[in-house]
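First comes one chain, alone, set out as structure tokens in the form predicted on its own.
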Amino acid sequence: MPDYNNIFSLKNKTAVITGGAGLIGNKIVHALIDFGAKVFIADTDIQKSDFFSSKFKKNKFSYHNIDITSKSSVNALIQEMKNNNEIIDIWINCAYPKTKDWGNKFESISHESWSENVDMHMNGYFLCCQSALEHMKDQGAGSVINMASIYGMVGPDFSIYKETDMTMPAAYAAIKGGIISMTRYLASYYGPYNIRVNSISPGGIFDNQPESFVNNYEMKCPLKRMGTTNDLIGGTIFLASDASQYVTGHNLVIDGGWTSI
């Protein structure tokens, strides 16, 4: 009989999260540790290591300067974990690399910028998935979670951006759509090895956007508010834990009902 009281527990599990110092990644790191996991934070912002050191005991996490666009950088972390006999139970791709001209309107996007963003973001997730999944195959188990987006599923409503300088970058839609499809492919490919691969598609997350944008977004969203990073925790822990042991190839939408209308 399953122990339902502890079905969401991550005790004695090890998790790697890319982009762990970011807006969403930071919150996920906190949750993983709270649920009992040992966490390897993989991020290019090495200065944030002091922040995590002030929050958690050293045996709960370690911080690594990892560039997801570099196969050697990703493999160096995995090799270090192998050398220390660490099992990768959970790998979460949450990094969000982008160019300085990110946010240009479609007609102003250069081919070079488009290619660079796709290469850094989607291809970076590919590199991480390939290395992590092969490691998990040797273990005979594992869970991979890719952070996608509702804009990988549906087209943007550009009316919510009026009266702001904001837009939805075209490359973002292509990247996140590709990540969702790649997730399904990998779930099918690695399922026979007892490895689960899922994605999460958040709706808009509040990050001090202009008031007019927030108001426009909330008017359209059925729950009448933007999401918060806290809203993503339940779904992440579900997909990381044994609570979802028969869930793979799924894109978990956490959007306050945005894509339902």
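Quantities reported herein were computed from a predicted structural model and do not represent experimental measurements. All residue numbers are counted from 1 along the displayed sequence.
Not pictured, yet referred to below: the form predicted together with a small molecule.
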item: The small molecule contact at Y125 in the predicted complex, heavy atom, 4.5 Å; value: yes
item: 4.5 Å heavy atom contact, S49 and the small molecule in the predicted complex; value: no
item: Contact label in the predicted complex: Y172 to the small molecule, heavy atom within 4.5 Å; value: yes
item: Contact label in the predicted complex: L186 to the small molecule, heavy atom within 4.5 Å; value: no
item: Options 67 to 75, 106 to 114, 133 to 141, 187 to 195; stretch whose heavy atom lies within 4.5 Å of the small molecule in the predicted complex; value: 67 to 75
item: In the predicted complex, the one of I233, I205, V214, I33 near the small molecule [non-hydrogen atom within 4.5 angstroms]; value: I205
